[in-house]
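In structure tokens, one chain follows: the form predicted on its own.
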Amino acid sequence: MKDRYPIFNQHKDLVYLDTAATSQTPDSVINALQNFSETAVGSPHRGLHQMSIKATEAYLASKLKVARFLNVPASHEVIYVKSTTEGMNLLSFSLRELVQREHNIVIPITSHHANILPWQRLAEGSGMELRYVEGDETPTYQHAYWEEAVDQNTDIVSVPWVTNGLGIDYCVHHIVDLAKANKAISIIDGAQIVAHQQIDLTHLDPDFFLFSGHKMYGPQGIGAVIGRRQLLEKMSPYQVGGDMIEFVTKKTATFAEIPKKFEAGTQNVLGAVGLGAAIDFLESIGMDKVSQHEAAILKYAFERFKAHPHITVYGPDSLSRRKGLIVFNINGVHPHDVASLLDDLNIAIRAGHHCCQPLNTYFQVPATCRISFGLYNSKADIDALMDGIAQVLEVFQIE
């Protein structure tokens, strides 16, 4: 599979284990980006000339691919943003008129900062309570903790389907159902799941689902908020300017219908084209095969890590509760030293707090190492990593 990714032709010895941060780009996506740049650049929705028309067609075609790929319900709309982070900020700003003072927002302690800071801001500005679901010492998903946190005064429940700081695969169907039972708005951060298994949003039926293209073999700078039309129609636009208006006077303005109301300015058509090509790439392989391949790599790496006397693995012990990544530390070695020494061996991993400082505080661990997997990874990459870890232990004279 590595032969589909030009980056590995340029860096033949690279072992890339940081897909949860940004995935590498396959040749078909690069070709689609180049072809559009050479043949169809124009401003979408803005002109009657052929370049503008081609750009508009490419932009809308990309959205149709997203809707097909995720089986988006007819009751929902696809809104393009630059990332999951921007999408969360859009929601926290635009939902402020639909929440009530002294009600609450519920998120897990495992959340990425993008699922914490926007809700902190909304809570501070609206007099709401921000509640964290902490769970046990793992912490793993348990129904009782969520059922205790979510109540009739909950207005928003926002949860990552898979956590980037532990790799926990949450039971999001139960959480969405729990939110509905309490008439709360359900939001799913899908950044760490969308490239790893088949998603059926019609079956799940959350109010909002967000993801980023650069974690699913697409380019950086493109992502989506998929939202329930009934709620979007009640929400104020997050940004204002060109292309999202109906009529403007000197002192007033009316706004276009959704989704355009939430897509101010010239949109990232090149990114949309790349996202569509990434979807084509994944569909050409088949999401069942994607899941099977990554599950095998995860199992192989997890078993080798758990058997290692100098490695501490964080998160659930059950592989059925994990997806796509492993967070760990080498006992007696700072994670930054681990990552730096491995980089000298052309092995790319992540080290730090992974934008999950409340989670690290919960564990009382300031930083960890993280490996995450993509289609280009193999068991040979894990073998190379284990050889690299042996060299790290040798440098620090740990036996």
Partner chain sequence: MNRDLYNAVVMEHALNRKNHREIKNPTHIERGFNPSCGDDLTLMVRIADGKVEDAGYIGHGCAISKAAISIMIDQILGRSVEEAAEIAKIYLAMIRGEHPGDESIGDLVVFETLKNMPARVKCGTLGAHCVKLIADKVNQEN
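Just so it is clear, the structure is predicted and the values come from calculations on it, not from any experiment. Numbering follows the first chain given and starts at 1.
The next section is about a form of this same protein that is not shown, the form predicted together with the partner chain.
Using a 4.5 Å cutoff between non-hydrogen atoms, V395 counts as a contact of the partner chain in the predicted complex. At a distance threshold of 4.5 angstroms between non-hydrogen atoms, G47 is out of contact with the partner chain in the predicted complex. By the criterion of a heavy atom within 4.5 Å, S340 is counted among the residues contacting the partner chain in the predicted complex. Contact between K63 and the partner chain in the predicted complex is not found at the 4.5 Å heavy atom cutoff.
Note on the interface: of 38-46, 51-59, 65-73, 342-350, the segment with non-hydrogen atoms within 4.5 angstroms of the partner chain in the predicted complex is 342-350.
Three-residue candidate spot Q357, A367 and Q391; every residue lies within 4.5 angstroms of the partner chain in the predicted complex by at least one non-hydrogen atom. Heavy atoms closer than or equal to 4.5 Å to the partner chain in the predicted complex belong, across 1-39, to no residue whatsoever.
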